[in-house]
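Just one chain follows, in the form predicted on its own, and it is written as structure tokens.
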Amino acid sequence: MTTTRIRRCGEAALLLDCADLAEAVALAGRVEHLRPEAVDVVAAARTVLVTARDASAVPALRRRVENLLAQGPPRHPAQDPGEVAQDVAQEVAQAAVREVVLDVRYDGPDLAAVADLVGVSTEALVRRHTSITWRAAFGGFAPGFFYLVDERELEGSAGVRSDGGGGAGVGSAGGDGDAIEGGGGSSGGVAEPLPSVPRLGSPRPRVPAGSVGLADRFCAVYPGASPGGWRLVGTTDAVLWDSDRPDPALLAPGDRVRFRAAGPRDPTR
């Protein structure tokens, strides 16, 4: 049995409603194996969009998806969220994961405000942000834009929510404050998760390319200049999207991303 709901989306696609982000990401990986019937698979925070070749192919694709859901995830039945998380962790461990390191100048206009919201110093916030292993969960908003999430959320680790609505929020996370000032942004060698960070009350009309932002429990890098309501903590020179590259997008779903604190911008550049 599964709690995932299948809905028709347009003429040639199915939308799978999932319990949380971890389930959506894991299910998207399994549905990928239904190609060529599933010509496109797109995960989001709680859904997976599966596109068929055309409308006539949807019924057969739906049967294959239903069979996949009936089988449940590998190794364990998909009834207990903790067991689902274990499956995700196993799949994560088994997969060949690419790691991308992004050098960041922590000079964003919202850095101090975010540190205040979290209840730590700016230095502690930077240490925590760079200590977390982020994972490219899904793309959206603009070409090359990826929603990065604390990898532990996909693994169902304690203290990192996976329901998309609960878990620690700003002011309720038992902030590390000065307690982690000397601990490298970690507690007992384990990076503390970041609490949810609310979006700005009003979006900025223009956010520069390379801006590193936080919103909810996600982190992202703006691939190009655009309006945006994420709270900006830094900037990177990494090019997230270049249509002249063989692979225009720097990141891909499943990539592991680490942020590394860089020095100040070279004034001669």
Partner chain sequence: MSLMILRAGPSALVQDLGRPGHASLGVTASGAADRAAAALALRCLGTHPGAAVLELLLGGFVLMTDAPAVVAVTGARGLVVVTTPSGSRRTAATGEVLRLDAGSTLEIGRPDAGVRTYLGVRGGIEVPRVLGSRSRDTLSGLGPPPVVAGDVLAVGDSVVAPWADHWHAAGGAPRGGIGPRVGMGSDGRGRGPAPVVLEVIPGPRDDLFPPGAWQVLAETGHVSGHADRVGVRIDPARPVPRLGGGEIPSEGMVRGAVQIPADGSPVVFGPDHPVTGGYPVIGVLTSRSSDALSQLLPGAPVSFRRVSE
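Residue numbers count along the first chain shown, from 1. What you see is a predicted model, and the numbers here were worked out from it, not measured in a lab.
Although it is not shown, the form predicted together with the partner chain is what the next lines describe.
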When the partner chain is placed as it is in the model of the complex, which of 30-38, 63-71, 200-208, 231-239 ends up with heavy atoms within 4.5 Å of it?
-> 30-38
Do all of A13, T51 and A249 end up near the partner chain in the model of the complex, with near meaning a heavy atom within 4.5 Å?
-> yes
Students should find that, of G144, G108, P193, G119, the residue having a non-hydrogen atom no more than 4.5 angstroms from the partner chain in the model of the complex is G144
Partner proximity in the model of the complex: A261 to the partner chain, non-hydrogen atom cutoff 4.5 Å | no
May I ask you to check whether A215 falls inside a 4.5 Å heavy atom distance of the partner chain in the model of the complex?
-> no
Is there a heavy atom of A57 lying 4.5 Å or less from a heavy atom of the partner chain in the model of the complex?
-> no
Stretch 44-65: residues contacting the partner chain in the model of the complex, 4.5 Å heavy atom cut-off | A44, A45, R46, T47, L49, T51
